[in-house]
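In the structure tokens that follow, the same protein chain appears in two forms, which are kept apart as structure 1 and structure 2.
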Structure 1
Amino acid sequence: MLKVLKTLRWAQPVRALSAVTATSGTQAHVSPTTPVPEPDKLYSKLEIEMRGIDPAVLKSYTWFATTAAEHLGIEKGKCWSPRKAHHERMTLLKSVHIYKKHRVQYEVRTHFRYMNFHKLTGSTLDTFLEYIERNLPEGVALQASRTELQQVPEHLRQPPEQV
């Protein structure tokens, strides 16, 4: 078990930029204390929710994001959208004063679309998310929730000795 953990720590990828600085430090021999590469974070899931007024724009954007994920080698999960949009309605009288039976409705529709990506390292997630956020079309709101994996902290592994 312990051995597995050790190998795992070695196999864990390092953050791209910090790795570069570490290697350059060793090559140049300028700084005697080479910075310890910070272990990268691991994300099991990245869920992206998009909201927009035009479903066609959302569809095109989903196609773009999934194509980019394919090029970057990211595992794609379920991509779906609810069949009906959210309608926010307001009902008013049609005339100014009376005629209660004649009403008029205004509505604002919000279409939703969801995408899921699995098994991303921290640097991959940052790169990918920034790329697709930069190319977000107008009139689309994006909401990205990420699930980070963490080890149990040291002080919670063993029951406290003195209480």
Structure 2
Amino acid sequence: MLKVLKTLRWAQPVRALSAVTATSGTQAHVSPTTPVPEPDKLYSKLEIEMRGIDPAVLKSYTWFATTAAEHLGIEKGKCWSPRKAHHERMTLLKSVHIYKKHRVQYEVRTHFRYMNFHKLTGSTLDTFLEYIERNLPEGVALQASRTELQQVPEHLRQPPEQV
């Protein structure tokens, strides 16, 4: 499955007769241009934070995302949620001008859920994130942060000179 996704990503339309020059007689020189593919980026970790008001919806969406990751061959890390929700209370006056003692309280509870995925390529990560973002249920917010692997710069690879 991953090989198919990788080959589809790099398949770009290439014009076979992009540079046709007429030479002597009826011969034509054809030089096809082939794009040089960039190496795919590597990511060590993808951290996903989900927020919502219904913990059952968050739990169901976590199951959906982990199942999608298994089908794409992504290594799943920890999935957890804090026991208590974040409470935000607002106290408002019932009347605008008088009756200062009469108030109303409103409360919003926000539940959180966290998921980690490890060892991803750039194309797999983009495909996975697009898929789970398109199927995001109502009332759920998603925040994803990725950690990219990079090569060590050349000036840091060489050992320090002995003094």
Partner chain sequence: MNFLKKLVPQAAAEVQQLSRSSIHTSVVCCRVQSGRYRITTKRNRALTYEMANPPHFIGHRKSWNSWNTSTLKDALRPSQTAIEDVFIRKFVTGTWHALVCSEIIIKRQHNTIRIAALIRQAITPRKMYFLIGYTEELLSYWMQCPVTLELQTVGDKKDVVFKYI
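For numbering, take structure 1's sequence and count from 1. The model shown is predicted, which means the values in this text are computed figures rather than measured ones. Only the largest set of C-alpha atoms that superpose within 1.5 Å between the two forms is called the rigid core.
- The form predicted in complex with the partner chain appears here as structure 1.
- After superposition on the rigid core, displacement of the C-alpha of K94 between structures 1 and 2 amounts to 2 Å or more.
- Once the rigid core is matched between structures 1 and 2, the CA atom of H155 is found 6.3 Å away.
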